[in-house]
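Next up is one chain by itself, shown in structure tokens, the form predicted alone.
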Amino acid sequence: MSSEKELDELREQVADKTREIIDSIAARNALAKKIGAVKSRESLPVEDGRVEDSLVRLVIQECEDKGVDVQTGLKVLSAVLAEGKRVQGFQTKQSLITPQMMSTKAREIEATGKKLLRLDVGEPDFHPPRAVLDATSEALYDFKTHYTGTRGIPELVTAVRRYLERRYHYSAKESELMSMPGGRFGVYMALATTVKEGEGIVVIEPNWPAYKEVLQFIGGRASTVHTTLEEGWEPSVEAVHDAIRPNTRAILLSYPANPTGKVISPAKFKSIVDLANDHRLTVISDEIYNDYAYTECPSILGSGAQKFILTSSFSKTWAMTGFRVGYIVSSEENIAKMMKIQSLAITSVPEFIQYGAVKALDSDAEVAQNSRAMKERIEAAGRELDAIGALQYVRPDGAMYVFPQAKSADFDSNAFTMKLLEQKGVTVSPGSGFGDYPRCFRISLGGSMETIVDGIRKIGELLG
């Protein structure tokens, strides 16, 4: 038999196996559709974590037994699970109002000339330090407007290393850190280098929706730990342990938390880190609000984490949201992976902005001033919320948000959010954007004291 004929026969066999795969998917879809009908009839949830866990274990075992790459098996499973939900009629709840959607709607209304009390905006109204503005301006006029190395200019790398030593007593090598364009892109890179399609992370909710949105975009899965106001938004180590799946690759921590302002104790933080170490998981720690913490707030640096990625940004502490600059600290291997992503996507943070960021790291007086102002806003918000009998809340330990919960069991925060906007001209973000919290909504304290007080009083008026 000629080589060409042999190849043709083998390729036809491959085609036959491909048809068998499609036939198997069609048969699986038919079964999934029947399962969907039973779930609908019995009012059962579409997703069942225990069933999916058992399938993950099955796939891993089958792949190991048959010499198939486990990652390939998990990708296939992820695809057929998504296809199964499609034929069952499952759809992501796109009708829920996310913080980004509320912000967009508010800007559209403001463009018509109407004044709103903005309690939805996740950025402080502080000004960047004068030294930052001067350095950025000087860099522009000195024509610092070119590509830089992906890691960042040497001056910024040195400044971040010096800052970490001063702030956290942590000595980072140059190869263990990099600059990046804002915290959101840092989170994307952290997840994209840690989680492959079909794998997942543990997320403690309520939490910033971008974590799960990024995870979904890269084909990953979130295993959520649901905390409650009644428990003080406190996650148990046992619940985090129970959320770890066979395909889990990381635990995500973000304290002080958005939207609750919660800070867990250093002891609990360490226990979760130890749990991650035991399971050889990466801890992704988003520490963007660390300077707005009013109780001892643990950092992943020096925590004993064997594998970690710290993301932080200049946006909140130094009021540099529009500058789009932050930094990441991790292992040399992880940084190399993230630098590859960044070099492919954007090359580097703009050169002149990096010079401004250098000066921010020495602007301690402005940081202290902003932190004091945010604490005063948290206290003022608490006094106003105390006067609203229809709500209950946990006083934040930090960050720049409050996450009250309605006492009424049938409260719908999505409907309330729209009613508040239409009748009182006040914007907040409904709790459904941060997880399964239909009775909660987020109040941002980024605006002036007057805006916060007036806005919360109007919330009280609407709630009667």
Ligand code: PMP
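Because the structure is a prediction, the values reported are computed rather than measured. From 1 onward, residues are counted along the sequence shown.
The form predicted in complex with the named molecule exists for this protein as well; it is not shown, and the discussion that follows is about that form.
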| property | result |
| --- | --- |
| Contacting member of R324, R249, K105, K144, with respect to the named molecule in the predicted bound form [4.5 Å, heavy atom] | R324 |
| Contact residue in the predicted bound form, chosen from T194, S313, S285, S179 - any heavy atom within 4.5 Å of the named molecule | S313 |
| Among 218 to 226, 252 to 260, 232 to 240, 356 to 364, the region lying within 4.5 Å of the named molecule in the predicted bound form by heavy atom distance | 252 to 260 |
| Output flag, R184, Y211 and Y289 jointly within 4.5 Å of the named molecule in the predicted bound form, heavy atom basis | yes |
| Contact label in the predicted bound form: Y401 to the named molecule, heavy atom within 4.5 Å | yes |
| Close approach of G122 to the named molecule in the predicted bound form, 4.5 Å, heavy atom | yes |
